[in-house]
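Only one chain is shown below, in structure tokens, and it's the form predicted alone.
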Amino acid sequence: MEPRKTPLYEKHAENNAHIVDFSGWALPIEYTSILKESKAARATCGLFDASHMGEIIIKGSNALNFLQALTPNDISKTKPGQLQYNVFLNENAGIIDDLMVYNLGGSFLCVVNASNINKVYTHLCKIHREGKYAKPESVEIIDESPEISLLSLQGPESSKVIAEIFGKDINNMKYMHFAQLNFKNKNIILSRSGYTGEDGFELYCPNGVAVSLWDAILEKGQKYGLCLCGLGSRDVLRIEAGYPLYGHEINDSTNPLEASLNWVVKFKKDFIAKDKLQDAEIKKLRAGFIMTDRAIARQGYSVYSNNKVIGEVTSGTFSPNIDKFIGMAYVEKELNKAGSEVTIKIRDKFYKAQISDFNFIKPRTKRGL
């Protein structure tokens, strides 16, 4: 089956992007080089096409209660115009997917991973039909993914570019907040958020204006050193920021506590599998690591301590912004201490590494006010 194309596909082709099949989508892995694009997003700003992501609307009189029951973070703490990182849990407290929840005021936009759109939508519809957490007639679930494009502008100069398009008052937008704006007579959502750890913005728009919005950002961004960026640099940047990726650091059999996502679990509220999460015996934890020896540790490589396997790598890369080989792994809980020396078996050789905190790099600018 041919991979699906986003409305911006021709733009990628025009700029000689290296296109790959990612979760069934034809997307750019890079335009010039992954390292150059990774540096640009930290030094100036980088523009990404993230239109493969899924957008699911939950609305109705019981929309909040319905979502609260399926997620461990407390969505009731958000106000209209705020977004929140959260996870959908299954009955065993495993992570079905991680997501961003946008409080639209009476309804909620759930942004999920491209590979999990159908899985999440099916899960939500099943729970909805059962009526366990809310009467079916009080909740409506709509998959708007096919109609929505997502552009992401990340980096310290991104606010200047956005201000030229939407007005300087946008600079007052706080991190993890959003506004519903107008572009080409179409409603769009502009949020101060992203997957890089930098200051940045994500723009959700109808497919019909995606190319115009892309062109506007590209035009205004030229004087600020804007660089087109692909999935390769996006992965480097999220690892530098210590962000988990579904299928690497988290999956259906991983719970948020062992994934070191304790901060999204609010035990004061009720949610699916709360009892199992409270009683869970945590034997392994997600950890960061920095290679002492120069080598890239890939997903699946074993982590050793005193000649004993203590864990497994989930992601690894070279960070051009700190000139180090970094990554994440699951290691035995007792050995998850920053500064601990470990070795990683890469093919038939052992390479030294050191357990580290997640945020390998700090953004050069404050993310909003």
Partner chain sequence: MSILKFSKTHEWAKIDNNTAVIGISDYAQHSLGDIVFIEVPKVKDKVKAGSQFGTIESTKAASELYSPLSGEVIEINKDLINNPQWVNESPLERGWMIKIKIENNSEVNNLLDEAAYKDFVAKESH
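Small disclaimer: the values here were computed from a predicted structure and weren't measured. Numbering follows the first chain given and starts at 1.
Just so you know, the form predicted together with the partner chain exists too; it's not on screen, but the next bit is about it.
- I34 is the sole member of I34, L64, I310, A40 with a non-hydrogen atom lying within 4.5 angstroms of the partner chain in the predicted complex.
- Of the residues H123, K274, R298, K160, just one reaches the partner chain in the predicted complex with a heavy atom at 4.5 Å or closer; this is R298.
- A residue is said to contact a partner when one of its heavy atoms sits within 4.5 Å of a partner heavy atom; K352 fails this definition for the partner chain in the predicted complex, lying far away.
- Interface membership of I29, defined by any non-hydrogen atom within 4.5 Å of the partner chain in the predicted complex, is confirmed.
- At a distance threshold of 4.5 angstroms between non-hydrogen atoms, H18 is in contact with the partner chain in the predicted complex.
- Of the heavy atoms in Y330, none are within 4.5 Å of the partner chain in the predicted complex.
- In short, of 69-77, 184-192, 91-99, 290-298 it is 290-298 that has heavy atoms within 4.5 Å of the partner chain in the predicted complex.
- If you take 305-319 and check each residue for a heavy atom within 4.5 Å of the partner chain in the predicted complex, you get just F318.
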